[in-house]
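In the block that follows, a single chain appears as structure tokens, in the form predicted on its own.
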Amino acid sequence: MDLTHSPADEAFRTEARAWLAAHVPAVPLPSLETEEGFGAHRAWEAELAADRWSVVSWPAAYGGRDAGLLRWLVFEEEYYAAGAPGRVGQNGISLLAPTLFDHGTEEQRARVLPPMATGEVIWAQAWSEPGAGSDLASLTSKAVRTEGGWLVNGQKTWSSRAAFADRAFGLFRSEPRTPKPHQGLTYLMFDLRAPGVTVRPIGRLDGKPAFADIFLDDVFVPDEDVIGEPGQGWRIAMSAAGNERGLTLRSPGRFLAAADRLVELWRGRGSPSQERERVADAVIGARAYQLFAYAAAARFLDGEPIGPESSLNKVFWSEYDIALHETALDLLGRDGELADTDWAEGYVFALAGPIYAGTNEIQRDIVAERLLGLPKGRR
């Protein structure tokens, strides 16, 4: 794999770096898991979009730059190196948008993508249910045919961003009698402020509502908000899950910047020798993840699917994220977890990594069975 960037790629990097240097807020925004912070981050999405930096890999018709996947990786490196705010629109941009590009209609793309790019509409992910998390196929929320659309009932839980978001996307059982549980599911988009929707925030360890329950009572969803064919939701969702676990949920730029910050923290604390190897491991891990991401991107651009290798990726970044933040908190000392710092908030967020986007236990099963060819374990 040739990792040499072309002059055009380097010019793109230079332009992105200059824009970020001129626009990244001098004072960090409030946490996006608060109402105030959510609004501030929404405004930041609009500022990015005004100069077409919010979705660089998208076609220009929807607010992007047609920059492609490799330049997206370049942009992400510059974005996090500049200390830019977290992306409140990530669920829509990284999960729903790729699904619409692959399975949506042109009308849906034209209607949904531009306000997603500007932060005018922020999306929540509504996949998990009280009895269906990693075993997503066991979900029970229903969608029943009615005139002009569907009536939806059920409960979604651990829905990221739902406390303050505008709309959500998820799977619903539209055909109750099918031979296998992953059949007869339909992929729907719905308005979180529609009649019949109740959103109940779920507090994180630090009390901030990073997630929410969504209760649905005869919620009407028009036909125009069905993605793909009714009953084919599982196939569509799995393509999105590949993106989530593979490339788009955690870009290497995020970890490269965090590893650099960890080195600065270590030096600022007098370069303690007992943490030397852990800091070195963090830097090596960030570089390894960067190379893995570029290799995966190259294969994808050659026409290969992301495939079950995305499960390796997910296990790696989720466990790496915790180790990196634990090292930082140990450097900060006994008050590290209690202080209101980026490291403390990052640690709380990292703890959820092995659980969401499919638990790491499930990912290891996928690696064992589909990559290593091992027999299925007992469930």
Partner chain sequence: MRFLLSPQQRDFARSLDAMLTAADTPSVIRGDHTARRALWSRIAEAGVFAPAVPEAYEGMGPLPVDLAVAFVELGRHAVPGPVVETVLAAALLAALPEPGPAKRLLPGLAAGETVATVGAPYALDGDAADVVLAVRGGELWLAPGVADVRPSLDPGRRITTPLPGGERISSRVPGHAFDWARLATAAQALGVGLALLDRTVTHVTRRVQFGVPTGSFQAVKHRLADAKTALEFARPLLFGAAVTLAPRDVAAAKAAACEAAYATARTALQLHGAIGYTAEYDLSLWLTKARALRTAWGSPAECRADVLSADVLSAARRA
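Numbering follows the first chain given and starts at 1. Since the structure is predicted, the reported quantities are computational estimates derived from the model, not experimental observations.
Although it is not shown, the form predicted in complex with its partner chain is what the next lines describe.
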Quiz item: Should F316 be counted as a contact of its partner chain in the predicted complex, where contact means heavy atoms within 4.5 Å?
Solution: yes
Quiz item: Taking the shortest heavy atom distance, is L70 within 4.5 Å of its partner chain in the predicted complex?
Solution: yes
Quiz item: Going by a heavy atom distance of 4.5 Å, is Y294 a contact of its partner chain in the predicted complex?
Solution: yes
Self-check item: Close approach of E264 to its partner chain in the predicted complex, 4.5 Å, heavy atom
Solution: yes
Quiz item: Of V144, L205, I284, A194, which one comes within 4.5 Å of its partner chain in the predicted complex, counting heavy atoms only?
Solution: I284
Exercise. Name the residue from A81, A137, L151, V121 that puts a heavy atom within 4.5 Å of its partner chain in the predicted complex.
Key: A81
Practice problem: Counting only non-hydrogen atoms, choose the one of 255-263, 107-115, 184-192, 220-228 that falls within 4.5 Å of its partner chain in the predicted complex. | Solution: 255-263
Practice problem: Report yes if all three of Y289, A298 and P375 come within 4.5 Å of its partner chain in the predicted complex by some heavy atom, otherwise no. | Solution: yes
Quiz item: What residues, if any, in 265-281 have a non-hydrogen atom within 4.5 angstroms of its partner chain in the predicted complex?
Solution: W266, R267, R276, E277, V279, A280, D281
